[in-house]
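Just one chain follows, in the form predicted on its own, and it is written as structure tokens.
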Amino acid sequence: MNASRLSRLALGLASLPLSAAALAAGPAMEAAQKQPLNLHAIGMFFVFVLMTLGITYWAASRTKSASDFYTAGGGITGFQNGLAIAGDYMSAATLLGLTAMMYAQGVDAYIYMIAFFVGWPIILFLMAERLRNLGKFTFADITAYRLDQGKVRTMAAVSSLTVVCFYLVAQMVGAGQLIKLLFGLDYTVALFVVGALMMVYVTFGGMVATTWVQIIKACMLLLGGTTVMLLALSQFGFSFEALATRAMEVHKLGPKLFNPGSLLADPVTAISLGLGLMFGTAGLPHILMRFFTVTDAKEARKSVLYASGIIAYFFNVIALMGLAAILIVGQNPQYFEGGDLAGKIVGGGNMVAMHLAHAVGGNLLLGFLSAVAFATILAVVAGLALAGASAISHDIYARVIMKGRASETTEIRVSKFATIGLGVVAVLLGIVFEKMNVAFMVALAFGVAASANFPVLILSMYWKGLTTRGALAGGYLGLFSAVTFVVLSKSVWVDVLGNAAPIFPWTQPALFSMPLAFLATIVVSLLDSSHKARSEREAFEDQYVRAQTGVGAASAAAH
């Protein structure tokens, strides 16, 4: 596999939990031309919007306290939360990008799916119970549990907002490009539609509405993907052997379709990408926030179990879709420009899944899958906006500025204003960045989450020796180093700033920035012999008891 192929594969992998973010940065999406109006898709999306607005109206009547707004009152069940977490993973880019990778590169794409998948349940199983028992509304509740509230919360809020903002902008740019491609709507119109609906969901419905939007979207995606897969497999008598044999006969890779390619042609980037995805996922504010929405630690663990099963199932659906597309799409001239099977796929390489849906289910199934892709973007941006608004209102306003004296009513009001502010900023930046390559924002969001959030969070849960000084040193160094490495990498230094060669030779920062953050956190904590540090270490015992038992944790509200 040459560097460009690895780069495309890496970009596709980075897109797993990103909805259309990475697609926005990919060559195919950048070159996407506005397609004719897809009335089936628009009609089905209109039905989805009406349904979710109804849920938002219902949720608004149940969102009365800060707990209701931030965490749905802790009343979400493990199964519901598992679906919602899976919804964050089963994005538009997962559907479109990985199907296209399977179609083009065979089993390499599947190996990447497995490599990414096996890591996160382990991490989240280690964290899920303690997150639920120690946290309340944001992950800063845990990192600051026995440390300096003002300083540690400020650091956590800064890194959270960095992740949310870059992630949100990448989502918005991806949304505009994807919707232009699938629906035939103008880029700017698409941004305003996404931005407006996001603000409505979060401002009026809070976490209750956001969770249910995510659940509905996850079910639609599972239904759509499964339907396409079954219809495609029916053409091969539901025989995987027949499908695989015929795919090898026609694919340019031949028997190598099922052999691992040169996955380690650039091992540093591959390992760094893997670390960033695995540990970055465990540091993403909107993912972590999901564990505060369940009733107790048991439900938190169950939600990881359900999410793991659902995601594993969906990855296999995608893999089968990719294989079937080799025969059903790859051998049909109508899906190639000029009817030339050796030419480009109509709409770009990422349209393989959509063409497959059209081939097996006609315009109706194509419209449904397109509507699902749009719904996916809405669900992800709503979760991001809520996480960002929580960092502003709960961590910065209520805890740092008001030092815990803010009323719940005021805090919720600030959160709603923050949501509107984030929505406006996301739309405006989406317009500004329309023509730019935003791949670096994806790397940055995961790099910061893995380097600034995760080390401090996991050490605060498991290491008695962590002190405020250590947490600040590791958190800020992780944030600074991840941003610096990405800026100096090819993604920004060459592609955006126009320099001849990158200063940092790899595009993924986590392999370097995450160890730096861990090292700084541990060394500075060990060197900290202050009286305050001693009292922080002594407070670990109390925290440990609560982490294990949940005594004192926020209880659930009925919903």
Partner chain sequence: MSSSVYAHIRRNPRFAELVAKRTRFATLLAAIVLVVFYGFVLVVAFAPQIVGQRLSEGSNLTIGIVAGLFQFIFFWVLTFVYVRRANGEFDAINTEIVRAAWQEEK
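Residue numbers count along the first chain shown, from 1. Keep in mind that this is a model prediction, so the values were computed, not measured.
Just so you know, the form predicted in complex with its partner chain exists too; it's not on screen, but the next bit is about it.
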### Query
Since the chain is shown here on its own, which stretch among 221-229, 267-275, 170-178, 285-293 would lie within 4.5 Å of its partner chain in the model of the complex, judged by heavy atoms?
267-275
### Task
Answer yes if any heavy atom of T245 is within 4.5 Å of a heavy atom of its partner chain in the model of the complex; otherwise answer no.
yes
### Query
Are any of the heavy atoms in N363 no more than 4.5 Å from a heavy atom of its partner chain in the model of the complex?
no
### Message
Since only the chain is shown here, I'm wondering whether D141 would be in contact with its partner chain in the model of the complex (any heavy atom pair within 4.5 Å).
### Response
no
### Message
Would you classify E411 as touching its partner chain in the model of the complex, given a 4.5 Å non-hydrogen atom cut-off?
### Response
no
### Task
Counting non-hydrogen atoms within 4.5 angstroms of its partner chain in the model of the complex, say which of F336, F417, Y187, F258 makes the cut.
F258
### Summary
From A312, C165, L233, M402: within 4.5 Å of its partner chain in the model of the complex by heavy atoms is A312
### Task
Kindly indicate whether I114, L126 and E129 are, all three, within 4.5 angstroms of its partner chain in the model of the complex, using heavy atoms.
yes
#### Entry: Stretch 288-313 - residues with a heavy atom within 4.5 Å of its partner chain in the model of the complex
K298, R301, K302, L305, S308, G309, A312
